[in-house]
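Shown here is one chain on its own, the form predicted on its own, set out as C-alpha cells.
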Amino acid sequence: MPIPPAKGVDLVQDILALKRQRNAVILAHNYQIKEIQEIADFVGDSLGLSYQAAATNADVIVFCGVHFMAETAKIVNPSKTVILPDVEAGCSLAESCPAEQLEAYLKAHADKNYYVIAYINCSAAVKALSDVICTSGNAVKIVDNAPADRNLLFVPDENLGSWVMEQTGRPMTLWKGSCYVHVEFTAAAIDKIREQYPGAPVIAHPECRKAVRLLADEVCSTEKMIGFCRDHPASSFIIVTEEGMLHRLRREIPGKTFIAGPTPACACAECRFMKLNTLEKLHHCLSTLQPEIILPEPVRARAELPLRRMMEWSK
C-alpha cells in the first residue's frame, strides 16, 4: 500500500521507502531545488540523465526535471513507468517549436532537403521529425558528424545553434527559439559582477546570447562546468546559468566559491518550470504513480531513432 505523506525529515524517509517499494530510480536535473538533488539517485544534465534513463533496471523512473526530459526517458524505456512530479513543468524552448509548425516548415522547404538536428529541449513529436538529437554537451560533436552533403536545420535554440556554428564552421538554418532564463543574462550585468569579483572566471551556458558568451572565459554545458571548475586554479567562479547549478557545484567542489550570474532584474536566474517540482509532489507521484508520461507508440518509436543515433555518436 502507498505510504502516506509526511513532513520534514519524515517526508524524505517516506520518499526513500516508496522508492524501494516501487523499485524506482529518481533522476534529477541540475536545475532542481537542492532538496530534490540531495535525494536523487543521479543528478546531471540532459545527456547524462539520458544515459541513466536508458541504462536503468528500475521499474519506475521518476524524472525530476521538465516534461520533455520525462518524455525522453519514456522514449528509451517504453515498458517502464515514467512519472513527473508536476505535469505543468514545461520548457520555453520546447514550446517555441511546436511539432506542427516544424512539420509545415519542412514541407514548405522540401527542396532544401534538410537534415534536422534537434536540441533535446523539444517535445517527443519534434524528436520524431528529426534526424538526430543533441544536447549542449555534445552538440559540436553531433554537428561535426552530420552528413556533409545535407543542409542543416537546427531546432529549437537559436543561441545554442549560433554557438555551435562558431565552433564547427558549419552553416545551419536556425529555428528562432530560446530559453527564457538564459536570455535574461545581459553583457552589462556580467560586466558589473565581474568588477566585484575580478579574479573569478565567467562560465556561461551556450544558451546565453552571443554578447554574454563573448564575455565568458568558458562556454560549456552544465556537466562540463563541473570539470572546468574543479580543474581550474581559480578559487571563485561566476556561473551564468540557472541558479540550481550552484548547489551541485558547491556539493561536489566544496573548497571553491560559486557566484550566481546576475540578471538586470535579480541576483540570479531561476527557471519557474524547474522549480515547480517539490518534495511533496515527488512523494505524491511515487505514491500514486501519477502523473505518468504516455506517448503514442508511432511517435515514441520514431523519436527513439534520432535519440539512439545521438547516443551512438556521443560514445
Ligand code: 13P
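As the structure is a prediction and not an experimental result, all values here were calculated from the model. A residue's number is simply how far along the shown sequence it sits, counting from 1.
One more form of this protein exists, namely the form predicted in complex with 1,3-dihydroxyacetonephosphate (13P); it is left out here, but the text below deals with it.
For the residues Met274, Ile36, Cys285, Ile61, the 4.5 Å heavy atom test against 1,3-dihydroxyacetonephosphate (13P) in the predicted bound form is passed only by Met274. Put simply, of Asn159, Ser130, Ser136, Ser123 only one has a heavy atom within 4.5 Å of 1,3-dihydroxyacetonephosphate (13P) in the predicted bound form, and it is Ser136.
Contact with 1,3-dihydroxyacetonephosphate (13P) in the predicted bound form, defined as any heavy atom within 4.5 Å, is confined among 100-108, 79-87, 165-173, 217-225 to 217-225. Taking non-hydrogen atoms only, Leu27 never approaches 1,3-dihydroxyacetonephosphate (13P) to within 4.5 angstroms in the predicted bound form.
Using a 4.5 angstroms threshold between heavy atoms, Arg213 stays clear of 1,3-dihydroxyacetonephosphate (13P) in the predicted bound form. Shown alone here, His182 lies within 4.5 Å of 1,3-dihydroxyacetonephosphate (13P) in the predicted bound form, counting heavy atoms only. Interface residue remark: Phe154 is not counted as part of the site for 1,3-dihydroxyacetonephosphate (13P) in the predicted bound form, having no heavy atom within 4.5 Å. Residues from 32-55 that approach 1,3-dihydroxyacetonephosphate (13P) in the predicted bound form with a non-hydrogen atom closer than or equal to 4.5 Å are Asp45, Ser46, in the order they occur in the chain.
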